[in-house]
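Below you'll find only one chain, the form predicted alone, shown as structure tokens.
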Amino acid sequence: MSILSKAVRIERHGGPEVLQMVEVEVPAPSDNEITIRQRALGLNFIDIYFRTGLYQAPLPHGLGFEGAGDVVAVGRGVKRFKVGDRVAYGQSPIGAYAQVRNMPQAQVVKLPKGISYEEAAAMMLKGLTVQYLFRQTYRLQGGETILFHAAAGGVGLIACQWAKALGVKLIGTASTPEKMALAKKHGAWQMIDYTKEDVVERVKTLTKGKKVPVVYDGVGKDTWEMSLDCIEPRGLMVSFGNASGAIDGVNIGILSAKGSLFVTRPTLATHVNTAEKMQAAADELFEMVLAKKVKIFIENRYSLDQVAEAQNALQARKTTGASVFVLD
């Protein structure tokens, strides 16, 4: 039995004006799929990348990758879920901006009772990002000093808390005193105002000239070379986002010139590409949240009808913490 659902779609790339609210018919779930009536959805920079065309998917298409809700139907072969289960996901086929959707069961996890729908929608993509960055891409052991750009953002605030829980000194960057104070409140060891301070020189001072073994950079173009200059010889540059634009025209020889550096451009998808890996990463995230080592900071709540306003605020870097869409 199909269900009618409101959903956001785009037919062309561009600014917020290309966002359309449409009514779609969600068919009964196929084999190994579940149908989710969504209660909350996450808003992330990757949604804007797909809207503008920086990242590509066949048009027309929906937007969004992160949500939480209730299972209302299950397809043949589904063993992990039943109708009524509370569920969440952070790495889905594109199209989370909808009241109801079908999802492959392998990309969904059960949501523990102690975590709300809004918290789940605010943390699944961001929290799983921090999990793979800190526990898989460069596995932090404790005792390291690291640099994390945009430390007051949705991913950044989770990273500040997780780093502190691991015994890692996180140096963060932000653009205002308010954002710097927020990141410090959430566990950052030191903060640098990149609009007023020389980030490289400040990192050198804080590390007594040693610099850091790893930089986590979700900003992109504006911070690329600066980040490389903060890394100790044979250290790792983890470039995982493009908030300021894509990095292009890079001469790979710069890595040798700056100290035989390594660079990686990881994605969540390749770190949680099986149900088992997804569940393991989510379990570690849930454990951190339920133990109150990581608290989810939600600053902005929107209805799905406010999608343009929400994306504008995020793109203009006017937000701190996470933003979510709350559905009836």
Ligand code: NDP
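Residue numbers run from 1 along the displayed sequence. Please read these numbers as outputs of a predicted model, since none were measured by experiment.
Keep in mind that the form predicted together with the named molecule is missing from the display, and what follows is about it.
Which one, 174-182, 250-258, 198-206, 70-78, holds residues whose non-hydrogen atoms are within 4.5 Å of the named molecule in the model of the complex? Among the candidates, contact is made by 174-182.
Is residue 314 close enough to the named molecule in the model of the complex to count, meaning some heavy atom within 4.5 Å? Close contact exists here: in the model of the complex, residue 314 approaches the named molecule to within 4.5 Å, heavy atoms only.
Look up in the model of the complex whether residue 297 has a non-hydrogen atom within 4.5 angstroms of the named molecule, and give yes or no. No - in the model of the complex, heavy atoms of residue 297 and the named molecule never come within 4.5 Å of each other.
Tell me, yes or no, whether residue 267 is in contact with the named molecule in the model of the complex, where a contact means a heavy atom of each within 4.5 Å. Because a heavy atom of residue 267 falls inside 4.5 Å of the named molecule in the model of the complex, the answer is yes.
Just to confirm, residue 162 within 4.5 Å of the named molecule in the model of the complex by heavy atoms? The answer is no: residue 162 has no heavy atom within 4.5 Å of the named molecule.
Give me the residue from 218, 187, 95, 235 that has a heavy atom within 4.5 Å of the named molecule in the model of the complex. Flagged contact: 218.
Heavy atom within 4.5 Å of the named molecule in the model of the complex: which of 138, 224, 240, 117 fits that? Just give me the one. So the residue touching the named molecule in the model of the complex, by this definition, is 240.
Heavy atom contacts to the named molecule in the model of the complex at 4.5 Å, residues of 140-177 in sequence order: Sequence-ordered list: 150, 153, 154, 155, 174, 175.
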